[in-house]
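Take a look at this single chain, the form predicted alone, given in structure tokens.
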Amino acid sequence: MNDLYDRHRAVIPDWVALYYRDPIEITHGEGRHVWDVEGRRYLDFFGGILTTMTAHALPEVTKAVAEQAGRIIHSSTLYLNRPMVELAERIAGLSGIPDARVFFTTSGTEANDTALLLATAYRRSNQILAMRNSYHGRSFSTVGITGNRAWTPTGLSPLQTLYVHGGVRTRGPYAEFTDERFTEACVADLEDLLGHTRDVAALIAEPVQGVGGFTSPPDGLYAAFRRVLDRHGILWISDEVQTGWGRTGDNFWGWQAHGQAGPPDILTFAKGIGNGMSVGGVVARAEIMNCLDANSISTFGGSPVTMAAGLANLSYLLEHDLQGNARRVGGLLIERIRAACAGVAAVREVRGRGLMIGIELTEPGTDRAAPDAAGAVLEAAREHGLLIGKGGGHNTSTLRIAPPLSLTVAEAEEGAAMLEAALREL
């Protein structure tokens, strides 16, 4: 393992982070478990950063990939592609967006890039509203709209970005307000911001901030925002890269917790739909999607193999009601985690919905972030056989829990016990 780590450091950039003081090489997985090169088994509560949505080595997906690879692996969007059309039809129908068109990419970053291209071309403006503490990708344009300092390596951007309150409920100047007053204050802030600018193209927002530490506003906030945006002709982009496909349990899409104003103008997705294959995409109503007046294709977006994987994965998700499982098992898991955190002085908050749960750690008795404590729990959980993630806009001090959506009750109980043991070591 040390040899591979040394080789990694010799050829991979320093800014490509690795978890753990002694990084692990994962060799294979099955269900909700993975194994490292030394043969040790782990319960996976992070799923390749929320990407292994259904299960590791899901037979239906691996079979679809193998069969398609045996026919043809690649053709590009220059040719008719049956799996791409079939998956686009299903996603368009599930999106809630009328007269929807779907464009496939290879990642969430690229999907958000495309959404920004569409919005700025449609509105003929390079001004974008984004949420504080947000994360939308690692490309030049998506870094420029990311409101999380830890993930913005440059201040240069092709866009003019204005940041709005509301993505973090329990921090900031409105934290002590009731949900109703919080929403009113954020809407007033948006109104005030728009009074000092004009011709904004779009608001892009994650219904639940992923890298930001699984924070979210009160339900209905983006519906209230939408009413303001509509008066100004501003588009709403819902970044569903982490919240889509039923992960939040209560809804299939994160935007539906704010659905009083109807679906977003543009929806982006990625991660879970491919169950590990590189699939991302954008859904928008036809007049927006078709607004580009220059040629555009995708070499790898909509690949026959990744589309076959997406179709099989989506079918499994729907046929086995994994959204319902996320709601039921996720509800149990968050209660077990809250019980495990009781009495742990470093735990500021346990939050989340469905199988998307965050544990924010701070220095006991304060609101100061505790990244060292988060790192210590991450290491301890690994020693107990549990893989989790971390994030947050305050120095990476939030533990992120996001298992595959097929998690069983027994595995939820087991994982909560491992996590409790790791937390007690603080």
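Fair warning: this is a prediction, and the values are worked out from it, not measured in the lab. Sequential numbering from 1, following the sequence displayed.
Below, we refer to the form predicted in complex with a small molecule, which is not included among the displayed structures.
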Among the candidate residues Thr306, Ser216, Asn275, Asn112, which is the single one with a non-hydrogen atom no more than 4.5 Å from the small molecule in the predicted bound form? Asn112
Residue among Phe104, Trp255, Tyr135, Trp236 with a heavy atom within 4.5 Å of the small molecule in the predicted bound form: Tyr135
Exactly one listed stretch (206 to 214, 88 to 96, 167 to 175, 334 to 342) reaches within 4.5 angstroms of the small molecule in the predicted bound form by non-hydrogen atoms, and it is 206 to 214
Check, residue by residue, if Gly108, Gln242 and Lys271 all come within 4.5 Å of the small molecule in the predicted bound form, counting heavy atoms only. yes
